[in-house]
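One chain follows as structure tokens, the form predicted on its own.
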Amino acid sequence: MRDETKPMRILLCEDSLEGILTGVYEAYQSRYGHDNIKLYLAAREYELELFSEYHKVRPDAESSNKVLLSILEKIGDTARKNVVEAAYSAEPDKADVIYRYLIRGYAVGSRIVDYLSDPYVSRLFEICRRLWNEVHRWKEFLRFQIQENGLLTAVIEPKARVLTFLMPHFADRLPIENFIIYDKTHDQAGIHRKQQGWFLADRLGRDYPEYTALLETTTKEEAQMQDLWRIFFETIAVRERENARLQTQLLPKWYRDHMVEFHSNKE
């Protein structure tokens, strides 16, 4: 129950799994009362609330790992998986939803995944569903191009942090290829070396801007292949059956920035 004698305490978390779980850890450690605490994402816009105090949370790997371990031990692996997926989403309310979900999870254990009538449980499931919808679309719409040294490169601008879920998919299908998928939105790259697995690299554009520029370089041979693909795309289209509204529903326009078939030839 909300204690009206206390100001609402709002913890501002970094938009990352580690940042959000550190916020959860500090909320529990403060013993300030769950109804008197909210978790917001520091990087998002939010309206200042009267009679509230704001505290910035610094991400801490040890605190985050403690929370992950406690979720696994007290609530179960399904709940841990749900929390991790929600943290990678693009939803602005995810930090507080994860916090409320865990409050309930620690109270009832693994049964929490069946409490779909609870607004925070159902909201967390909706957040995860939206994440996977975006992941599945990028699996279909991502476009690689080949560089002179044989490296495959792709640039995407997703809303959510999808690389963690995309890289296993493409590594499984392209095991003998060297490839890089660069997430321009979050300045993160997924790097795969043939027969050696993959890893994620943060701040690639910030630390090596000249390298990220090369990822979008189009060779002469690649330009010719792209032209052929555009010709094929336009040739098989049946103009009389064109449905722009349906196409936009199935392929929203913000996915198309790096899709060859929706752009004219670049000089």
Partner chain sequence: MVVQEGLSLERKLEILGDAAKYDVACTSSGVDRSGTGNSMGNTLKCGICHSFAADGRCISLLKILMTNECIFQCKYCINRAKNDVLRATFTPEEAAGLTMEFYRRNYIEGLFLSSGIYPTPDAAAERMLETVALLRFQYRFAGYIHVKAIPGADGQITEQIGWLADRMSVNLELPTAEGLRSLAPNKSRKTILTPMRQIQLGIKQNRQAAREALPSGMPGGRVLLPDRQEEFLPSSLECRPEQLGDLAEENSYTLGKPLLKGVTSGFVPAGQSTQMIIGATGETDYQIMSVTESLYQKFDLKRVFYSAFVNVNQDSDMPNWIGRTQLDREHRLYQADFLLRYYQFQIGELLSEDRPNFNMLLDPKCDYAVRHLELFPVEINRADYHTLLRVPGIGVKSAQRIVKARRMAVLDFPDLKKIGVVLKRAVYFITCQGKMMYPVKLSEDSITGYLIDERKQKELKGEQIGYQQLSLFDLPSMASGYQPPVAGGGGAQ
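Quantities reported herein were computed from a predicted structural model and do not represent experimental measurements. Residue numbers count along the first chain shown, from 1.
Omitted here: the form predicted together with its partner chain. The next part is about that form.
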Point to revise | Residue contact check: H136 to its partner chain in the model of the complex, 4.5 Å heavy atom | key: yes
Practice item. May I ask you to state whether S122 is within 4.5 Å of its partner chain in the model of the complex, using heavy atom distances? Key: yes
Check your understanding: According to a 4.5 angstroms non-hydrogen atom cut-off, is I146 in contact with its partner chain in the model of the complex?
Key -> yes
Review point. Is the gap between I191 and its partner chain in the model of the complex 4.5 Å or less for some heavy atom pair?
Key: no
Exercise for review: From the candidate stretches 233-241, 28-36, 61-69, 207-215, select the single one in contact with its partner chain in the model of the complex, where contact means a heavy atom within 4.5 Å.
Suggested key: 233-241
Exercise for review: Indicate whether the candidate residues M8, E47 and I103 are all in contact with its partner chain in the model of the complex, with contact defined as any heavy atom within 4.5 Å.
Suggested key: no
Review point. What is the one choice in K81, H169, K74, K159 with a heavy atom within 4.5 Å of its partner chain in the model of the complex?
Key: H169
Exercise for review: Sequence order please: the residues of 173-206 with a heavy atom within 4.5 Å of its partner chain in the model of the complex.
Suggested key: R173, L174, P175, I176, E177, Q195
